[in-house]
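Just one chain follows, in the form predicted on its own, and it is written as structure tokens.
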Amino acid sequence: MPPCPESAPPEVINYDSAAALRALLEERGLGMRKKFGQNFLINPGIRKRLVDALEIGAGERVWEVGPGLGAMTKELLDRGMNVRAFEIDPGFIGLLKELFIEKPGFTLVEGDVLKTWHQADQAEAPAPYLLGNLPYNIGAVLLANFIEEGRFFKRMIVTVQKEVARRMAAKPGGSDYSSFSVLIGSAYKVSPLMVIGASSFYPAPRVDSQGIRLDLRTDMDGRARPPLFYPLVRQLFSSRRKTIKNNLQSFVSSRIMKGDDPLDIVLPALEQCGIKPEERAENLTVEQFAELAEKVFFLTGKRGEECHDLR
């Protein structure tokens, strides 16, 4: 009788069973690392629905963030997609190589995606789609990083904490509306998908998750990201109890010459945008933030030219 293999061959991995995955991890000596925010989606129906939400077919290029043991990776490859997977855990990297490295259309990027995606983006034509069961500890940070660095996808399907999903989809005036809401809304149309209970994951997290669909906006012609947009939004939300006037005054003060009065820029900018000085950031739309950033950029630049002329 031939000896038993040291590890389970790929064809017998059961991605739908917590017990099977636990046994595989123990067999391979792969411990779960809390710092990586690892939770495997063991609900096959939800995995299928998430991939379906990409609305793409064979031959399309997809980035997958956090493939883990490869359940979603297999689904993508079985549909004939070209997958570039980003994984940080050395143990999982070894397993992913064993499972998929010989598969057509599969590429593995090792390391922290926050540090590796720039180089990966230069190594190929930019992939238009992204799928990710995003680790809880980096989900919001990664999405913000993509946007602020100008890396836009035609469509993203991501799984995040339900709390983060609420912030992504929040509208002006709501308690969940934040600078992150504005950042996401400046680039993408947000469509909440299914809520995913803890029992759909192994190990089960302490909170529910939610699938989110992000479709790149095409209706603002780049106006959502004028100069100063990102820092201005962060500043105006930095002290939510303060008025737009007071927060904007602090923002402008750091961008004009010492001795100049920031109100000479703040008040005209607000007036030209039709925003009341006593208004608060949580009530402004993405479009209002964009217009305000444009006005402040223009007026601070004009003030700098005037000071230069005086010299």
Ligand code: SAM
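Just so you know, these numbers come straight off a predicted model, no measurement behind them. One-based numbering along the sequence shown.
Beyond what is shown, the protein has a form predicted in complex with the ligand; the following relates to that form.
Open item on the list: Which is the contacting stretch out of 129-137, 97-105, 180-188, 144-152, given heavy atoms within 4.5 Å of the ligand in the predicted complex?
Closed with: One stretch meets the cut-off, namely 129-137.
Task: Contact assignment for the ligand in the predicted complex, among Asp112, Asp176, Asp121, Asp215, heavy atom within 4.5 Å - done: By the 4.5 Å heavy-atom cutoff, the listed residue in contact is Asp112.
- [ ] Verify the contact flag for Asn39: yes if a non-hydrogen atom of it lies within 4.5 Å of a non-hydrogen atom of the ligand in the predicted complex, no if not.
- [x] It does: once the ligand is placed as it appears in the predicted complex, Asn39 has a heavy atom within 4.5 Å of it.
- [ ] Would you please decide whether Phe229 lies within 4.5 angstroms of the ligand in the predicted complex, comparing each non-hydrogen atom pair?
- [x] Flag for Phe229 set to no.
TODO: Please check if Val233 has a heavy atom lying within 4.5 Å of any heavy atom of the ligand in the predicted complex.
DONE: Val233: no contact with the ligand in the predicted complex.
TODO: Please run the contact check for Met81 against the ligand in the predicted complex: heavy atoms, 4.5 angstroms, yes or no?
DONE: Judged by the heavy-atom cut-off of 4.5 Å, Met81 is well away from the ligand in the predicted complex.
Task: Stretch 259-288: residues contacting the ligand in the predicted complex, 4.5 Å heavy atom cut-off - done: Nothing in the stretch sits within 4.5 Å of the partner.
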